[in-house]
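The form predicted on its own is given below as one chain in structure tokens.
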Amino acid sequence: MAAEVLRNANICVDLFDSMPSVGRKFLMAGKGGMNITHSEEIDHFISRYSTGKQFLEPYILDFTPNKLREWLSDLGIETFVGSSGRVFPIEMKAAPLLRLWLHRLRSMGVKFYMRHKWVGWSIDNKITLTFSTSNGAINNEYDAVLLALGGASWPKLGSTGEWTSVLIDNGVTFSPFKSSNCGFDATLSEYFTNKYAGHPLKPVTLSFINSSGCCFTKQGELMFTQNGIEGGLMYGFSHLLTDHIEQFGFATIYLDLLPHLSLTDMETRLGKSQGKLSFTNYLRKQLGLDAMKTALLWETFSQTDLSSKKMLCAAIKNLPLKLLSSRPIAEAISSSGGINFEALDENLMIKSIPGVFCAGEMLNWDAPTGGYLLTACFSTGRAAALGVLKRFNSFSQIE
């Protein structure tokens, strides 16, 4: 995005990537359906960025989800709004979008250099970048540099987070990377995970109470894994849960296994005799509780705990699940942490290193899945490029 903005202003652009091809994490993001942005009202959209919303707001307002859709249409990619409000390309894939975009950038004169890993620099009147390549180290000199080096999730796709040491050595303040939009290890038996790993748990309502007593609740879908639990519903809570686990050593979530039924409805339905039905079949017939949800009850409660219908219904509506840790950052969809906002000016230039700009997930912001991650990357890439142009214009006026 930055390269396109700069070339439209006739600025020469060299684009370096450590991987054999560009956009590998972008392609992974579109593997299950390219959720490019979200259609919700803009104030609500910006609120999704939690503590980073104040910093990101001007950049997103300057390049809103609607403007992003217009930009995609100009590129030849038409979009539609799904039932959840999420926005997708008609083809649902990232590859056609990336192909068209790279073709346009090359036709505009952007020069691409693959398998070039940035390892350091020297900064004087100009900035000399050092790259490690298959032919040894090379040095290139530039008037401005724009870094879009990613966070630390999915390192095999290029976002290793190794760049942090170079910037810290130059006095740039940084918050450590953490897993975000990730799964969690949970206290589940080997029997349960072997039987139900890969099976969705839906619909359920998840509730979490933080250390301040604030309750967060949302309905959706979960997925059990060999280690614990993940899925879209977990991703929306991941930053809250990660922080809580870091502070207290664990976190407890509460699941309503039958969100469409009230306690009264359940107790009424369970008024009928069990007869010769097994306990599992009785719950399935009277409540619609499937075998996996019943098995989850036995994971948490003893037979004594569920001895009365009132206790059983209360357990179904408020089942506790203890989370021990977030999954490793290499498995996470995204990462929180990165360069602190205070280290940057309003044009996304590093205050202590004039001429160096930053964009994307390497900045210290966080968001759930739903198109928010990509939108912030697009908007900050555009904003950083506009910052470069402002710097060049100020220099030309001085001259």
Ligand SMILES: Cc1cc2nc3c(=O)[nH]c(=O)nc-3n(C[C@H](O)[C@H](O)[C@H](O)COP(=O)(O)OP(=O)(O)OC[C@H]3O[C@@H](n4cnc5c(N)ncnc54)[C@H](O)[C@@H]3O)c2cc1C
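Sequential numbering from 1, following the sequence displayed. Every value quoted in this text rests on a predicted model; they were computed, and no experiment measured them.
Heads up, the form predicted together with the ligand isn't pictured, but that's what we're talking about next.
Contact annotation for the candidate site: Asp17, Ser159 and Gly371 all lie close to the ligand in the model of the complex (heavy atom within 4.5 Å). Contact check for Ile353: no non-hydrogen atom falls within 4.5 Å of the ligand in the model of the complex. Among heavy atoms of Met28, some come within 4.5 Å of the ligand in the model of the complex. Interface residue remark: Gly360 is counted as part of the site for the ligand in the model of the complex, having a heavy atom within 4.5 Å. Of the heavy atoms in Asn35, some are within 4.5 Å of the ligand in the model of the complex.
This chain is drawn without the ligand; in the model of the complex, the residue among Gly228, Pro89, Gly231, Gly150 with a heavy atom within 4.5 Å of it is Gly150. Contact annotation: of the candidates Phe177, Trp101, Phe224, Trp163, the single residue with a non-hydrogen atom within 4.5 angstroms of the ligand in the model of the complex is Trp163. Listed stretches are 276-284, 212-220, 134-142, 150-158; the contact stretch with the ligand in the model of the complex is 150-158, by a heavy atom cutoff of 4.5 Å. For the stretch 95-116, the set of residues having any non-hydrogen atom within 4.5 angstroms of the ligand in the model of the complex comprises only His116.
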